[in-house]
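Just one chain is shown here, as structure tokens, and it is the form predicted alone.
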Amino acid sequence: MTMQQPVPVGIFDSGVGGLSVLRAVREFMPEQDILYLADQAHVPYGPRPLLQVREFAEGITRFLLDRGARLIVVACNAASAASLHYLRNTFPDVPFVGMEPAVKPAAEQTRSGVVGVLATPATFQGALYASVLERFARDVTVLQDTCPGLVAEVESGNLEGDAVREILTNALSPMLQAGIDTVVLGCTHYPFVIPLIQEIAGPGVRVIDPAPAIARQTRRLLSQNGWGLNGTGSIQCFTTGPVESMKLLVKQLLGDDLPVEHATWEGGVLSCNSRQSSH
């Protein structure tokens, strides 16, 4: 039997939030080769105009495809909201897996009929989120909060300090008073603060992390396209920000020392000079 060539999966985010998705993909498919791009030069995407985020997403997709990726995971809710439809039209032969807030399972499983969603402004403004609410949340009350500053705290490696606790308390307290029993994490940075969310919300509130569902969908699409799951499990990270701080964050969030290379934006095109890499 001929072994299939391993097909790298490309995963990208505005920063390190997508590592929560990478972690789930690796747990689900430890043999999968992965290319990860953190666009830390532009983090956070959430407050940026949708058109600008779409341009970033297209440039990053081309960068990952040039390095052998054949399936792209848009591990960023803001980028998915801004660009998923556009990317599928622009790259019709490339399978994309995108993020959408997990309102459907929350609406199906809530007993109180009140659900909280934590996400960035770009996600809440996008047509994708509006469509999800229209389809799945007609019979439940959905409360929203943008958790201002939380992405920046996670990017700095602060997962449990006073600033993070204050952001989450401000977001969750009104929701808890309104009777939520489920919290949907609509930003890939937020799963890294699940322990603190659970502590503030209490044992009666379910927290939904979409990453495992994204990993399952990635595996389905790889299999559907006949691409072998027989890689070496190698992971290569790229960042448009400082390499050494990215390495420290990868170590903190994943528990691994992974190679990180620097990628640079020039006129909307992303390129990599491996001489700036750190292994």
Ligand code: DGL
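Note that residue numbering follows the sequence shown and begins at 1. These numbers come from a predicted model, not from an experiment.
Below, we turn to the form predicted in complex with the named molecule, even though it does not appear here.
- Looking at the named molecule in the predicted bound form, residues Gly46, Val151 and Cys187 each place a heavy atom within 4.5 Å of it.
- None of 132-140, 157-165, 70-78, 85-93 except one has non-hydrogen atoms within 4.5 angstroms of the named molecule in the predicted bound form; the exception is 70-78.
- Contact check for Thr123: a heavy atom falls within 4.5 Å of the named molecule in the predicted bound form.
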